[in-house]
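Quick setup: one chain, the form predicted on its own, written in C-alpha cells, and binding and motion questions come after.
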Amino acid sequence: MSVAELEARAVELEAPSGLWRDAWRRLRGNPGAIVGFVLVGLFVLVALLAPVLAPYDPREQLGLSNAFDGPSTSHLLGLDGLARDELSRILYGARFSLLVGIVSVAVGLSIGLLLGAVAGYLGGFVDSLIMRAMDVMLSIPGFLMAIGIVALLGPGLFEIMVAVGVTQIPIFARLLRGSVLAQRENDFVLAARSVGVPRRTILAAHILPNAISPVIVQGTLALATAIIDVAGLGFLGLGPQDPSTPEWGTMLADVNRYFQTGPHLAIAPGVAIVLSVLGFNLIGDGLREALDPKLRGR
C-alpha cells in the first residue's frame, strides 16, 4: 500500500452531503423538533382515528339532566351544556382544525408562490405592481382582514378557509420573491440563460428548488397560525353555524356563556389548541435551524 493510500485512509475524507440530507440529519438531532413531530403526529393520528377513539357520537345528547357533569369514569372530560361527551367532541374537533389549517395554508401557499415567483423573476413593473398589492394587504392586521372577509362572505367553515388563506398570501409572496431575487443571478442560472433554456424552465427547474427552503419553514409555522385564527374566528361566532359542530374555537365560545356553571369545559379545547400550535411551531423552528446554510457543517 502506498503512502498516499495510507494518508487517505487515516484522514478518512467524507463525501459532501446534500442540503436536504444534511438538514434531515440536524433535524433528527434537535430535541425540540422531535417533540414537535410527536405532538403533530398525535394530532394527525387523533384526527384520522377519531371515529375509533371517540367513546360517543360528538353530537349525541346523553340526557339534559346530566348537563355540566364533571369528569367521571364514563366521561373522562365531562359533559357540556347539552349533555354531549366532551372527550368525543375534542377528538372530532381535531379533524376540523387540521382540515381548515391545511386547506387555508394550501390556498395562501399556492397563490403566494405564484405571485412571489413571477414578481421575483420578472422584476420591473410586474414586480412593483404585485409587491405594492402585497404591501396593501400587509398593512391590514391579518386577523382583522380575516374577520372582514368572513363578514363579507358569511360565517361558515368554507368561508373561514378562504379568509385565513387570503391572509397568508402576502407572507408567502414576499418570502419567495426575496429567495428568487437571491437565486436568479447565481452562476447556474446565468449558465442556463446562456444556452437558451426557456425562462419558465429556468424558474421551475433551477430557481424554485433552491429558493423553496424558507417557504417550507414558513408553511409549517403558518399551520400553527391558521389553527389559532380558526379558533379565534370560531370563538367570535364566525365559525360553523351548526351549534353541534365540534370545532375547538366554537366549543370555547359555548363555554364562555356558562363559564361559572362548567369551567372545566374550557380546559380541554384550550389545551388542544395550545398543544397542536406548539407542535407546529417546534417543527418550524427546527426546520429553520436545519435549513439555515450558515449552520451547515456544524
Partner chain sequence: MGRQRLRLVAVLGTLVLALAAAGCGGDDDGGSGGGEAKGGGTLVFGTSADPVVLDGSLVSDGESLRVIDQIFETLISLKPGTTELEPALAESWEISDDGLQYTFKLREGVKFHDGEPFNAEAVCTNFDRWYNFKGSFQNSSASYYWQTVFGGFKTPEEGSPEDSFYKSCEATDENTAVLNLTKPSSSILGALSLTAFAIASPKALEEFGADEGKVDEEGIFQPTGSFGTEHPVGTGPFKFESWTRGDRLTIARNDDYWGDKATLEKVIFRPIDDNAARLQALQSGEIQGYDLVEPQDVKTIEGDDKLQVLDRPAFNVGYVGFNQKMKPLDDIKVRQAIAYGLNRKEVVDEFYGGRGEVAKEFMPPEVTGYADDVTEYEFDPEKSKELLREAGLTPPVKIEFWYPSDVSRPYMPDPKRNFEAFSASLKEAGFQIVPKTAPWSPDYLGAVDEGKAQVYLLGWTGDFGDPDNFVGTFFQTPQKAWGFDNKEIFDKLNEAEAETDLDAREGLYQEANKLIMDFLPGVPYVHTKPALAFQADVQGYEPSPVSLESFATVTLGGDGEEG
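Residue numbers count along the first chain shown, from 1. Predicted model only: the values in this text are computed from it and were never measured.
Although it is not shown, the form predicted in complex with its partner chain is what the next lines describe.
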*Name the stretch: of 197-205, 221-229, 111-119, 67-75, exactly one has residues whose heavy atoms fall within 4.5 Å of its partner chain in the predicted bound form.*
67-75
_If the cut-off is 4.5 angstroms on heavy atoms, which of these, Gly178, Gly123, Gly81, Pro209, is the one near its partner chain in the predicted bound form?_
Gly81
*asked:* If we define contact as a non-hydrogen atom of the residue within 4.5 angstroms of the partner, is Asp242 a contact of its partner chain in the predicted bound form?
replied: yes
_Residues Thr250, Asp254 and Arg257 are flagged as a possible site; in the predicted bound form, is every one of them within 4.5 Å of its partner chain by some non-hydrogen atom?_
yes
